[in-house]
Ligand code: FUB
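Just one chain is shown here, as C-alpha coordinates, and it is the form predicted alone.
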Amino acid sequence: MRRLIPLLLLAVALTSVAQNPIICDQFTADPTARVFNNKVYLYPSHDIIPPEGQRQDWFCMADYHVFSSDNLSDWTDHGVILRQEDVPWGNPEGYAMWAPDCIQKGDKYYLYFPDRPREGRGFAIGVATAERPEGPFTCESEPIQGVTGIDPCVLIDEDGIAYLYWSGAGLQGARLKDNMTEIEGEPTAEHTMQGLPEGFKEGPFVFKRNGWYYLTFPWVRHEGGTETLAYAMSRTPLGPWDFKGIIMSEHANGCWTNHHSLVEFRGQWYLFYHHNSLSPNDDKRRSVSIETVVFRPDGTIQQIYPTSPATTQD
(Lines give C-alpha, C1' and ligand atoms only; values in the text may rest on other atoms or scores of the structure.)
Protein backbone atom coordinates (compact mmCIF):
# COMPACT_ATOMS: atom_id res chain seq x y z
CA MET A 1 0.00 0.00 0.00
CA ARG A 2 2.86 2.37 0.80
CA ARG A 3 4.24 1.92 -2.73
CA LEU A 4 0.80 2.22 -4.33
CA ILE A 5 0.03 5.67 -2.93
CA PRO A 6 3.06 7.43 -4.54
CA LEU A 7 2.20 5.75 -7.86
CA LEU A 8 -1.39 7.00 -7.64
CA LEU A 9 -0.19 10.51 -6.86
CA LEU A 10 2.17 10.38 -9.84
CA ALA A 11 -0.68 9.28 -12.09
CA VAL A 12 -2.79 12.24 -10.93
CA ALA A 13 0.13 14.60 -11.58
CA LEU A 14 0.63 13.18 -15.06
CA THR A 15 -3.03 13.58 -16.02
CA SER A 16 -3.07 17.16 -14.73
CA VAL A 17 -0.53 18.32 -17.32
CA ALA A 18 -1.80 19.39 -20.72
CA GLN A 19 -0.68 17.56 -23.83
CA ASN A 20 2.80 18.58 -24.94
CA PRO A 21 3.78 21.09 -26.15
CA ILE A 22 1.92 23.35 -23.74
CA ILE A 23 1.97 26.54 -25.87
CA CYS A 24 1.05 26.20 -29.53
CA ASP A 25 0.33 29.73 -30.81
CA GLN A 26 3.99 30.81 -30.81
CA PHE A 27 7.44 29.29 -30.43
CA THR A 28 8.76 29.15 -26.86
CA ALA A 29 12.14 27.86 -25.69
CA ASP A 30 14.54 27.86 -22.72
CA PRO A 31 11.72 27.76 -20.15
CA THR A 32 12.25 28.98 -16.62
CA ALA A 33 9.28 28.11 -14.42
CA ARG A 34 8.75 29.82 -11.07
CA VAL A 35 5.95 29.63 -8.50
CA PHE A 36 4.64 33.02 -7.40
CA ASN A 37 1.34 33.60 -5.58
CA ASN A 38 0.32 29.94 -5.91
CA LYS A 39 0.63 30.04 -9.70
CA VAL A 40 3.33 28.82 -12.06
CA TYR A 41 4.84 31.64 -14.09
CA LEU A 42 6.76 30.64 -17.19
CA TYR A 43 9.58 32.84 -18.54
CA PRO A 44 10.76 31.38 -21.87
CA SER A 45 12.70 32.86 -24.73
CA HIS A 46 10.62 33.59 -27.83
CA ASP A 47 11.82 32.05 -31.08
CA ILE A 48 10.70 33.91 -34.20
CA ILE A 49 11.23 33.51 -37.93
CA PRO A 50 14.30 35.65 -38.75
CA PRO A 51 13.39 38.88 -40.56
CA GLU A 52 15.07 39.78 -43.81
CA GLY A 53 18.71 40.66 -43.27
CA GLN A 54 19.14 38.27 -40.33
CA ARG A 55 20.80 34.88 -40.51
CA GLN A 56 18.02 32.50 -41.55
CA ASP A 57 19.44 29.29 -40.05
CA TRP A 58 20.09 30.55 -36.52
CA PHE A 59 18.28 31.46 -33.30
CA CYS A 60 16.31 34.69 -33.53
CA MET A 61 14.70 36.29 -30.46
CA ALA A 62 13.54 39.89 -30.08
CA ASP A 63 11.45 39.92 -26.87
CA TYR A 64 10.10 38.01 -23.88
CA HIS A 65 6.57 36.93 -23.00
CA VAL A 66 5.43 35.60 -19.63
CA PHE A 67 2.76 32.94 -19.17
CA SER A 68 0.93 31.81 -16.03
CA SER A 69 -1.19 28.85 -14.98
CA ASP A 70 -2.81 27.54 -11.82
CA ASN A 71 -3.25 24.00 -13.20
CA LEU A 72 -0.42 23.47 -15.74
CA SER A 73 -3.03 22.87 -18.45
CA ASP A 74 -4.48 26.31 -19.14
CA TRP A 75 -1.92 29.03 -19.78
CA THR A 76 -2.46 32.79 -19.89
CA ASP A 77 -0.14 34.83 -22.10
CA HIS A 78 0.47 38.15 -20.35
CA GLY A 79 2.08 39.51 -23.48
CA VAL A 80 5.48 41.03 -24.10
CA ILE A 81 7.31 42.05 -20.93
CA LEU A 82 10.59 43.23 -22.46
CA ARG A 83 11.72 44.04 -26.02
CA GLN A 84 15.24 44.37 -27.35
CA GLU A 85 14.46 48.05 -28.05
CA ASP A 86 13.77 48.53 -24.31
CA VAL A 87 17.30 47.59 -23.22
CA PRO A 88 19.32 50.82 -22.82
CA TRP A 89 22.67 49.08 -23.19
CA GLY A 90 21.58 46.44 -25.72
CA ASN A 91 21.70 46.19 -29.47
CA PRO A 92 18.15 47.05 -30.66
CA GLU A 93 18.68 44.83 -33.72
CA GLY A 94 20.64 42.06 -32.05
CA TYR A 95 17.82 39.47 -31.97
CA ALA A 96 19.65 37.79 -29.12
CA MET A 97 17.24 37.86 -26.18
CA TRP A 98 18.17 34.33 -25.15
CA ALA A 99 17.25 32.28 -22.04
CA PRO A 100 15.94 34.42 -19.13
CA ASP A 101 15.13 33.87 -15.46
CA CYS A 102 12.94 35.68 -12.94
CA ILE A 103 13.14 35.63 -9.15
CA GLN A 104 11.32 37.39 -6.32
CA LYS A 105 13.08 39.16 -3.48
CA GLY A 106 11.03 41.22 -1.07
CA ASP A 107 8.31 43.03 -2.98
CA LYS A 108 10.24 43.09 -6.27
CA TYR A 109 10.59 40.70 -9.18
CA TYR A 110 13.95 40.58 -10.94
CA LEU A 111 14.16 39.47 -14.57
CA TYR A 112 17.65 38.37 -15.64
CA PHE A 113 18.37 38.07 -19.35
CA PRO A 114 21.26 37.99 -21.86
CA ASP A 115 21.59 40.39 -24.77
CA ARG A 116 24.19 41.63 -27.19
CA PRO A 117 25.58 45.01 -26.13
CA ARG A 118 25.44 48.05 -28.39
CA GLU A 119 29.22 48.11 -28.45
CA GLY A 120 31.69 45.26 -28.44
CA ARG A 121 31.10 41.58 -29.00
CA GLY A 122 29.69 38.66 -27.05
CA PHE A 123 26.88 38.79 -24.52
CA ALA A 124 26.15 40.66 -21.32
CA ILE A 125 23.50 39.93 -18.68
CA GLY A 126 20.95 42.55 -17.75
CA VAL A 127 18.34 42.99 -15.03
CA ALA A 128 14.83 44.40 -15.22
CA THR A 129 12.52 44.88 -12.23
CA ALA A 130 8.78 44.89 -11.66
CA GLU A 131 6.24 44.95 -8.83
CA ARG A 132 4.31 42.00 -10.28
CA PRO A 133 5.55 38.76 -11.87
CA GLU A 134 3.88 39.67 -15.18
CA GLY A 135 5.41 43.14 -15.19
CA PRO A 136 5.63 45.79 -16.46
CA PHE A 137 9.41 45.47 -16.18
CA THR A 138 11.85 48.37 -16.17
CA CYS A 139 15.37 47.65 -17.37
CA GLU A 140 18.49 48.75 -15.48
CA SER A 141 20.63 51.23 -17.40
CA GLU A 142 23.70 48.94 -17.39
CA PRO A 143 24.26 45.17 -17.45
CA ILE A 144 25.81 43.30 -14.53
CA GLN A 145 29.39 44.44 -14.50
CA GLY A 146 32.09 41.80 -14.87
CA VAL A 147 29.74 39.07 -16.13
CA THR A 148 30.05 37.98 -19.75
CA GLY A 149 27.85 35.19 -20.97
CA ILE A 150 24.33 33.85 -21.41
CA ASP A 151 21.62 31.79 -19.66
CA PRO A 152 21.42 33.48 -16.24
CA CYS A 153 19.86 31.65 -13.30
CA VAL A 154 19.43 32.97 -9.76
CA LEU A 155 19.06 31.00 -6.52
CA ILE A 156 18.04 32.72 -3.29
CA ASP A 157 19.08 30.48 -0.43
CA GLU A 158 17.22 29.99 2.83
CA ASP A 159 19.50 32.55 4.53
CA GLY A 160 18.50 35.20 1.98
CA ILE A 161 21.82 35.19 0.12
CA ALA A 162 21.40 35.19 -3.67
CA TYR A 163 23.65 33.50 -6.24
CA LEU A 164 23.93 34.11 -9.96
CA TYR A 165 24.84 31.27 -12.34
CA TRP A 166 25.56 31.68 -16.04
CA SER A 167 27.20 30.12 -19.09
CA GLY A 168 30.39 31.67 -20.35
CA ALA A 169 33.68 29.87 -20.36
CA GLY A 170 31.94 26.81 -18.97
CA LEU A 171 29.40 27.13 -16.15
CA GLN A 172 30.09 29.86 -13.63
CA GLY A 173 28.57 31.15 -10.42
CA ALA A 174 28.99 34.00 -7.97
CA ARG A 175 27.27 35.53 -4.99
CA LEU A 176 25.05 38.53 -5.70
CA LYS A 177 25.07 41.66 -3.59
CA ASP A 178 21.90 42.60 -1.73
CA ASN A 179 20.89 44.95 -4.56
CA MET A 180 20.59 41.90 -6.87
CA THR A 181 22.29 43.78 -9.71
CA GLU A 182 25.99 43.31 -8.83
CA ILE A 183 28.15 40.32 -8.00
CA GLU A 184 30.55 40.13 -5.06
CA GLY A 185 34.09 40.57 -6.40
CA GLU A 186 35.23 39.97 -9.95
CA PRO A 187 34.58 36.80 -11.99
CA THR A 188 37.74 34.71 -12.06
CA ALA A 189 38.66 31.12 -12.72
CA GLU A 190 37.49 30.28 -9.21
CA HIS A 191 33.92 31.07 -10.26
CA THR A 192 33.95 28.15 -12.68
CA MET A 193 31.90 25.24 -11.34
CA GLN A 194 34.15 22.34 -10.33
CA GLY A 195 33.48 18.60 -10.60
CA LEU A 196 31.53 18.60 -13.87
CA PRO A 197 32.17 16.28 -16.84
CA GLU A 198 34.03 17.21 -20.01
CA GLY A 199 31.99 18.38 -22.98
CA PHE A 200 29.99 21.44 -23.97
CA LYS A 201 27.74 22.76 -21.19
CA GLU A 202 25.34 25.71 -20.98
CA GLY A 203 22.01 26.77 -19.50
CA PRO A 204 22.57 26.21 -15.74
CA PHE A 205 19.50 25.91 -13.56
CA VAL A 206 20.12 25.56 -9.81
CA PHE A 207 17.61 24.63 -7.13
CA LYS A 208 17.67 23.31 -3.57
CA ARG A 209 15.81 20.31 -2.17
CA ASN A 210 16.18 18.58 1.21
CA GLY A 211 19.52 20.19 1.92
CA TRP A 212 20.99 19.36 -1.49
CA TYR A 213 21.86 21.89 -4.17
CA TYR A 214 21.23 20.69 -7.71
CA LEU A 215 23.16 22.13 -10.66
CA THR A 216 21.33 21.05 -13.82
CA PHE A 217 22.49 21.87 -17.34
CA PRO A 218 22.36 20.96 -21.05
CA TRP A 219 25.39 18.81 -21.82
CA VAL A 220 26.83 17.47 -25.07
CA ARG A 221 28.38 14.23 -23.91
CA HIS A 222 29.65 12.95 -27.27
CA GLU A 223 31.76 14.79 -29.81
CA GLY A 224 29.48 15.91 -32.61
CA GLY A 225 26.42 15.06 -30.53
CA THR A 226 23.39 17.03 -29.39
CA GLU A 227 22.35 18.16 -25.93
CA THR A 228 21.22 16.03 -23.05
CA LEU A 229 19.99 17.40 -19.73
CA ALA A 230 22.36 16.44 -16.91
CA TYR A 231 22.91 17.27 -13.25
CA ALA A 232 25.26 17.36 -10.30
CA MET A 233 24.70 17.74 -6.55
CA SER A 234 26.46 19.55 -3.73
CA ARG A 235 25.99 20.52 -0.10
CA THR A 236 27.05 24.10 -0.89
CA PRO A 237 25.58 26.54 -3.44
CA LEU A 238 28.77 27.02 -5.46
CA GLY A 239 30.08 23.47 -5.25
CA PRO A 240 32.34 21.61 -5.71
CA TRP A 241 29.84 19.40 -7.50
CA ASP A 242 29.37 15.65 -7.64
CA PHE A 243 28.21 14.72 -11.14
CA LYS A 244 25.25 12.32 -11.06
CA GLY A 245 24.25 11.72 -14.67
CA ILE A 246 21.46 12.26 -17.17
CA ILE A 247 18.01 13.71 -16.54
CA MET A 248 16.94 13.49 -20.20
CA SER A 249 18.76 11.97 -23.17
CA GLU A 250 19.36 13.55 -26.56
CA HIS A 251 16.27 14.24 -28.68
CA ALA A 252 15.90 11.33 -31.09
CA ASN A 253 15.08 13.55 -34.09
CA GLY A 254 18.38 15.43 -33.80
CA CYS A 255 17.03 18.67 -32.32
CA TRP A 256 20.35 20.17 -31.27
CA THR A 257 19.35 22.01 -28.10
CA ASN A 258 17.48 21.36 -24.91
CA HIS A 259 17.03 23.82 -22.05
CA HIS A 260 15.02 23.49 -18.89
CA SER A 261 14.03 24.26 -15.33
CA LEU A 262 12.70 22.18 -12.43
CA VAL A 263 10.04 23.47 -10.05
CA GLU A 264 7.88 22.11 -7.24
CA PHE A 265 4.19 22.96 -7.52
CA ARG A 266 1.59 21.71 -5.04
CA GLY A 267 3.78 18.87 -3.80
CA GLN A 268 4.92 17.57 -7.21
CA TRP A 269 8.15 18.39 -9.05
CA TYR A 270 8.06 19.13 -12.78
CA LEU A 271 10.63 19.45 -15.56
CA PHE A 272 10.04 22.19 -18.12
CA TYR A 273 12.09 21.75 -21.30
CA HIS A 274 11.92 22.41 -25.04
CA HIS A 275 11.77 20.43 -28.28
CA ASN A 276 11.06 21.33 -31.90
CA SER A 277 7.81 19.36 -32.00
CA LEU A 278 5.92 22.22 -33.70
CA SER A 279 8.71 22.78 -36.25
CA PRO A 280 10.19 19.33 -36.93
CA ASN A 281 12.27 20.58 -39.87
CA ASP A 282 13.69 23.57 -37.96
CA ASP A 283 15.39 23.05 -34.60
CA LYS A 284 15.86 26.80 -34.08
CA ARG A 285 12.12 27.25 -33.48
CA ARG A 286 11.24 25.32 -30.34
CA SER A 287 8.29 24.68 -28.02
CA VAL A 288 7.97 24.10 -24.26
CA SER A 289 6.84 20.79 -22.77
CA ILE A 290 6.41 19.49 -19.21
CA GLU A 291 7.14 16.16 -17.51
CA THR A 292 6.85 14.99 -13.92
CA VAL A 293 10.04 14.42 -11.91
CA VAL A 294 10.69 11.54 -9.51
CA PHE A 295 13.44 11.70 -6.89
CA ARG A 296 14.93 8.54 -5.43
CA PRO A 297 15.32 8.25 -1.62
CA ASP A 298 18.98 9.36 -1.88
CA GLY A 299 17.96 12.54 -3.73
CA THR A 300 19.08 11.49 -7.19
CA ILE A 301 16.71 11.97 -10.13
CA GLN A 302 15.15 9.19 -12.17
CA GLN A 303 15.76 9.61 -15.89
CA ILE A 304 12.84 11.32 -17.64
CA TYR A 305 11.38 10.22 -20.96
CA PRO A 306 9.33 12.78 -22.90
CA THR A 307 5.68 12.17 -23.61
CA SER A 308 4.35 12.47 -27.14
CA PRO A 309 5.14 14.10 -29.46
CA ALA A 310 8.67 14.75 -28.15
CA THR A 311 10.97 11.70 -28.12
CA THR A 312 14.56 11.01 -27.14
CA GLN A 313 17.22 8.47 -27.96
CA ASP A 314 17.70 5.42 -25.73
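Remember, predicted model here, so these are calculated numbers, not experimental data. Residue indices: 1-based, along the sequence shown.
One more form of this protein should be noted, the form predicted together with beta-L-arabinofuranose, which is absent from this view; the next part is about it.
This chain is drawn without beta-L-arabinofuranose; in the predicted bound form, the residue among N276, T257, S249, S261 with a heavy atom within 4.5 Å of it is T257.
Only one of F27, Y64, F59, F67 comes within 4.5 Å of beta-L-arabinofuranose in the predicted bound form through a heavy atom, and that residue is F59.
At the 4.5 Å threshold, heavy atoms of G203 reach beta-L-arabinofuranose in the predicted bound form.
Within this chain, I150 lines the site of beta-L-arabinofuranose in the predicted bound form, having a heavy atom no more than 4.5 Å away.
Within this chain, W98 lines the site of beta-L-arabinofuranose in the predicted bound form, having a heavy atom no more than 4.5 Å away. With beta-L-arabinofuranose omitted here, the record of contacts in the predicted bound form names 150-158 of 105-113, 150-158, 126-134, 72-80, defined by a heavy atom within 4.5 Å.
Residue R286 is the sole member of 285-304 found to place a heavy atom within 4.5 Å of beta-L-arabinofuranose in the predicted bound form.
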